[in-house]
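Have a look below at one chain only, the form predicted alone, in structure tokens format.
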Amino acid sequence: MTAAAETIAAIATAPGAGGIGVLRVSGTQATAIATTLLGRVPQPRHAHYCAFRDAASALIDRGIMLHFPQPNSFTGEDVVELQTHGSAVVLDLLLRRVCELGARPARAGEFSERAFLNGKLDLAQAEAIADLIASQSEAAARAALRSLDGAFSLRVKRLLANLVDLRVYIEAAIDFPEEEIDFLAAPELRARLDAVSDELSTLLSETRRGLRLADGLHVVIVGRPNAGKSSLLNALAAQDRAIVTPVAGTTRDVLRENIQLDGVLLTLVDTAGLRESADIVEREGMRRARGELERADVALLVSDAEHLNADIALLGPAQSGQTRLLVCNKIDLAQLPPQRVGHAAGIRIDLSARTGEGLDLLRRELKSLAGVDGDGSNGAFSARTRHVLALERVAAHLAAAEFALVGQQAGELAAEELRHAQRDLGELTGEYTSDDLLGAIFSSFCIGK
């Protein structure tokens, strides 16, 4: 794939007074435009001090020009970068001048799109540029940089290679049915199938973690009235955001609080206590609490040692992909030590929201669920919803292929399922991509990227 030959230009950054503004130009006319502005052919990768003038030779500004000949540039085309004083007026005049000389204003994301079309980036790496710009936490920025460096793409390509090998093995067995050995029933095939399934499962799990890093972890705090939900939110937020009183039913609406937990973005949602009530306002609060619970990445049940097992029923059926944490609060009153232990309904953490005992155990657990362990990112990469959905489709095709082989001994059906899995996997890096998908992805980028 190659990008269009049109020359594009865009203001890449325009800081306030005293800063540096940057205008980028990419395409077949970029070098000619640079030559006109400089008065001579620019030297590649050399900083030229230049007087930028309009068509009437009036001075627009003085600044720096850099020239990057194709193919050794970000887009793979001739690229020129013009650095001026950070005035929006100056940059607008310079953009007009560049467009008079043969460029046109770039669409949102068009520079990154050309880099993808010219083979400088794959699609997942291009998306990581937008994720890096939009990152709302230190952990999300680190994860986006890892994706931009190809960490996610490398994993996808390795899985794709193993999937193709499996498909070749099955199709070869179909093509030579006269062989005495039934290769479709051989233990080696099952071993290969299990290995690909395990690799996919691990990648899907890490991709979900990457999505949580990019979007932030959505944590919904639920429980009966006076269990300590609002106190826990205040303790995690390190400020009094929720009203705390001994009166049951004080919280009647949803309260949201975004916090940074050692560089990880968390959205904490405090909800109305769940119980039987005739109060119409309290019942509406509980209805909203149930709605939040259905959308939560983490359902955090707050209870105490006396009521924990009975309160677990308040959570209801588990949602797909949702993690459940059980907080056994008020250990100070029960004179119990803080601890993290396993439980049939999820990890249980014993703490006191009032004194802060055991709160670090909960913080550590939330960071781990968000994709970060300890003080580092644990090699996490950024991901998007479309990546998770594509991998889930691959998993469904792989499961169907396994059923066709083991349950029906139908190699042709298995091979077809693997073909679909290969295509869905190729969409992640752009090996198989529709124009509509590209348009949807790059239109969400910033102008100049």
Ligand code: GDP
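Source: prediction; values computed, not measured. Start at 1 with the first residue shown and count on from there.
If you look for the form predicted together with guanosine-5'-diphosphate, you will not find it shown, but the lines that follow are about it.
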Of Ser231, Gln322, Ser87, Gln125, which residue is found within 4.5 angstroms of guanosine-5'-diphosphate in the predicted complex when only non-hydrogen atoms are counted? Ser231
guanosine-5'-diphosphate isn't shown here, but in the predicted complex which of Ser352, Gln83, Ser137, Ser73 has a heavy atom within 4.5 Å of it? Ser352
Of these, 338 to 346, 202 to 210, 353 to 361, 88 to 96, which stretch puts a heavy atom within 4.5 angstroms of guanosine-5'-diphosphate in the predicted complex? 353 to 361
Whether Ser153, Arg155 and Leu428 all lie within 4.5 angstroms of guanosine-5'-diphosphate in the predicted complex by heavy atom: no
Does at least one non-hydrogen atom of Asn118 fall within 4.5 angstroms of guanosine-5'-diphosphate in the predicted complex? no
Would you check, heavy atoms only and a 4.5 Å threshold, whether His218 touches guanosine-5'-diphosphate in the predicted complex? no
Using the partner position in the predicted complex, report whether Glu100 sits within 4.5 Å of guanosine-5'-diphosphate, counting heavy atoms only. no
Might Arg224 be said to contact guanosine-5'-diphosphate in the predicted complex, defining contact as any heavy atom within 4.5 Å? yes
Contact check, 322 to 358 vs guanosine-5'-diphosphate in the predicted complex, heavy atom within 4.5 Å, ordered by sequence, gives Asn329, Lys330, Asp332, Leu333, Ser352, Ala353, Arg354
